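Given as structure tokens, the chain that follows is alone and in the form predicted on its own.
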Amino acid sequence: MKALLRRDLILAIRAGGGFGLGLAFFLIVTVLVPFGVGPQSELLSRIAPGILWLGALLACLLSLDRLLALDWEDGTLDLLATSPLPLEAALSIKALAHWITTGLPLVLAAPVFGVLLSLPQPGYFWLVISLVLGTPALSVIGTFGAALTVGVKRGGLLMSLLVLPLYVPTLIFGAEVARRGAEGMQTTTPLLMLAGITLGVIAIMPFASAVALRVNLR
């Protein structure tokens, strides 16, 4: 499992789907928002939690189409399907590699980008906490979408259409945690909901992803 994780990390960075691409897209979204809504600090501070969460979600989505594509092309998926390692575990490792190369850099960069959107001072802590709790769910759900569309020519758009509705609950509660934290309100309820969604996704989605991948490999 360690060898598979190390291999996926190296491939994600070399293939251009690592932290650089996601961070660049996240930065572009953050920089363009003030041009679209105006430079008013009060308005930007109100919408900053939602914009930062939406930017992180879209940046995470950007690299999903390559999550399993390279392994499909070189036959690695066939080997994983017949190896002693359960396919569910292999897909979990791939989701972890995706989070490390995409989600984790976004978590670390979000406070810096929050400055560009005049995020209130109390919101930085809760923004990071919400992203730490929520971005793993984005990677695991993305792995499910990649398993559904692997082998489909130009399946990136189809995968986005399949995955985005599943992302909505995580986006809602993640942005709500950051918003309430920025306004000094109680964050317990959305925080628990966000944690529950992530834990549920991590527990269930690898099995659904494995089923979808086995169907596509037949």
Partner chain sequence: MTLTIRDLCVARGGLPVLEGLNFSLAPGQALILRGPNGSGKTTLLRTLAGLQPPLSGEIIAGEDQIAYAAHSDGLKAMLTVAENLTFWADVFGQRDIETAIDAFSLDPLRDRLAGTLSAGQKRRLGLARMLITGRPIWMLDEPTVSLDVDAVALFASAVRAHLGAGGAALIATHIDLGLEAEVLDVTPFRAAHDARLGASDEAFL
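Positions refer to the first chain, counted from 1. Just so it is clear, the model here is predicted, and its values are computed rather than measured.
Form predicted together with the partner chain: not shown, discussed below.
The stretch that touches the partner chain in the predicted complex, counting heavy atoms within 4.5 Å, is 77 to 85, out of 136 to 144, 95 to 103, 115 to 123, 77 to 85. Contact check for L27, V31 and R180: none of the three has a heavy atom within 4.5 Å of the partner chain in the predicted complex. The shortest heavy atom separation between V150 and the partner chain in the predicted complex exceeds 4.5 Å. At least one heavy atom of L217 is located within 4.5 Å of the partner chain in the predicted complex. In the predicted complex, L162 stays away from the partner chain, with no heavy atom inside 4.5 Å.
When the partner chain is considered in the predicted complex, L21 lies well away from it, no heavy atom lying within 4.5 Å. Out of the listed residues L171, I47, L70, L191, L70 is the one that sits within 4.5 Å of the partner chain in the predicted complex by at least one heavy atom.
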